[in-house]
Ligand SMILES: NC(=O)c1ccc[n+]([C@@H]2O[C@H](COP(=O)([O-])OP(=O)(O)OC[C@H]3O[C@@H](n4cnc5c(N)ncnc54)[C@H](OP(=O)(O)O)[C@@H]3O)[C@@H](O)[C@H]2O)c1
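The data below hold one chain only, encoded as structure tokens and taken in the form predicted alone.
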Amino acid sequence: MNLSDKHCLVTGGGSGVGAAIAVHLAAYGANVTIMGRREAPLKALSEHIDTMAYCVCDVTSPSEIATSLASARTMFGTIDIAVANAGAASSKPFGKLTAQDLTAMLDVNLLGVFHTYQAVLPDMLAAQWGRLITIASTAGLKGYGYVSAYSAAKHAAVGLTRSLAIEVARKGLTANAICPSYVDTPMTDRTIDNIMAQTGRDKQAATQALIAGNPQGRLIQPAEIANTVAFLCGDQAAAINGQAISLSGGEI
């Protein structure tokens, strides 16, 4: 597969899953713009890849997205592929949740996707080709205890993606969500640390508690998500639209 004529946007692209996706797409020849709130990791990732640029941007701000995309288009042209990867997670018993906790999860995990897609959609509609890929979670397909705000936001992101897919289906675009279970990233490390602090378990026991729901008994690797993104970008995936693809070892 050759993506040398494509400009790919990856939000939350400085580390973890986003970084893996960005590097993978660049390896297929794409021009890649990564966005995130912290400049240091964005700069470190992009400075050794000629076809990668970065913009410091908070996806909860439509004005920051507009400014960043203006810069990105100047360098690489209009956006062909958008990977809405930026996200955040928090854990708290439902009875202790506040409206602010829920809003915080919705701002990043739902509105971040919404703002990103609204900003890039005109480019894709004009070209009559595009790929919109939401990095969601199995928490967008089922419920988990102690993450009801996060799960609600991811369910909403999946619903948005599925609905958008219907609108763009006859316009040369596809919209899909990828829903991994726990991934081997710093975000999951923080979840493990939280389990250790709350339960007194050691790291091995805390990790086992997380992966117990995965029939393969392991964490998902960022490269597995990046490979799925790349597949969805190719013409061989033109008929895959409106799907929530579970990467969970068979959990769901």
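Heads up: residue numbers just count along the shown sequence, starting at 1. The structure presented is a predicted model; accordingly, all values stated were derived computationally and were not measured.
This next part talks about the form predicted in complex with the named molecule, which is not shown.
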So in the predicted bound form, are T60, N85 and V183 all sitting within 4.5 Å of the named molecule, heavy atoms only? yes
Only one of A27, A209, A70, M187 comes within 4.5 Å of the named molecule in the predicted bound form by heavy atoms, so just point that one out. M187
The named molecule isn't shown here, but in the predicted bound form which of V168, V108, L160, A152 has a heavy atom within 4.5 Å of it? V108
Would you mind picking out the stretch of 92-100, 130-138, 71-79, 117-125 that comes within 4.5 angstroms of the named molecule in the predicted bound form, counting non-hydrogen atoms? 130-138
Would you classify G16 as touching the named molecule in the predicted bound form, given a 4.5 Å non-hydrogen atom cut-off? yes
Contact flag, R37 vs the named molecule in the predicted bound form, heavy atom cut 4.5 Å: yes
